[in-house]
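Single chain ahead, by itself, as structure tokens, in the form predicted alone.
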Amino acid sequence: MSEQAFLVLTALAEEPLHGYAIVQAVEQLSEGRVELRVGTLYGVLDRLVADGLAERDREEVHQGRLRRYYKLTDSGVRALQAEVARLSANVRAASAVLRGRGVQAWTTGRA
């Protein structure tokens, strides 16, 4: 799973969101490391929908523009859980190797 797809699924885990809100959530979740462009976002969303991990929730008009909301499916929740487990295992393995070399795994105080 790409980092972008992981972050989009994470953003959608709380509540259905429209495109711009997803972009903002991804930027916040990644602490500014990932800035999704609109074309990239909708490519990721199209793949997530095609894979059954997300689905369109509703549409509404806001200030004359159509907003499409997306939400996580049950399969999306399971995929996100699996990816969290996979990434956590990778962090544990890399941290153990670094500790063995006497190196701190991260310096920000976060995993």
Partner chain sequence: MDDGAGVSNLERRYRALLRVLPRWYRADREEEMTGIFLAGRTDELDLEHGWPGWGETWAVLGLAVRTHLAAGAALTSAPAGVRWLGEIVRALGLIGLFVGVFEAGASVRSVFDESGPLAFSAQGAGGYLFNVLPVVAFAALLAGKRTAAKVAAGVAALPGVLMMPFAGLLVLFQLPGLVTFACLCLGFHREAPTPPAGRLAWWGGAALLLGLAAGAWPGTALLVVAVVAVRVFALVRGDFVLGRAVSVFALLELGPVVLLLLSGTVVEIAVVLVVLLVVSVVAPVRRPQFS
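What you are looking at is a predicted structure, and each value in this text was computed from that prediction instead of being measured. Residue numbers count along the first chain shown, from 1.
Missing here is the form predicted together with the partner chain; even so, the following discussion is about that form.
- Interface residue among 71, 86, 78, 47, judged by heavy atoms within 4.5 Å of the partner chain in the predicted bound form: 47.
- Looking at residue 33, you'd find every heavy atom of it more than 4.5 angstroms from the partner chain in the predicted bound form.
- The partner chain is not drawn, but in the predicted bound form it has a heavy atom within 4.5 Å of residue 66.
- Using a 4.5 Å cutoff between non-hydrogen atoms, residue 82 does not count as a contact of the partner chain in the predicted bound form.
- Taking the partner from elsewhere, residue 41 is found to have a heavy atom lying within 4.5 Å of the partner chain in the predicted bound form.
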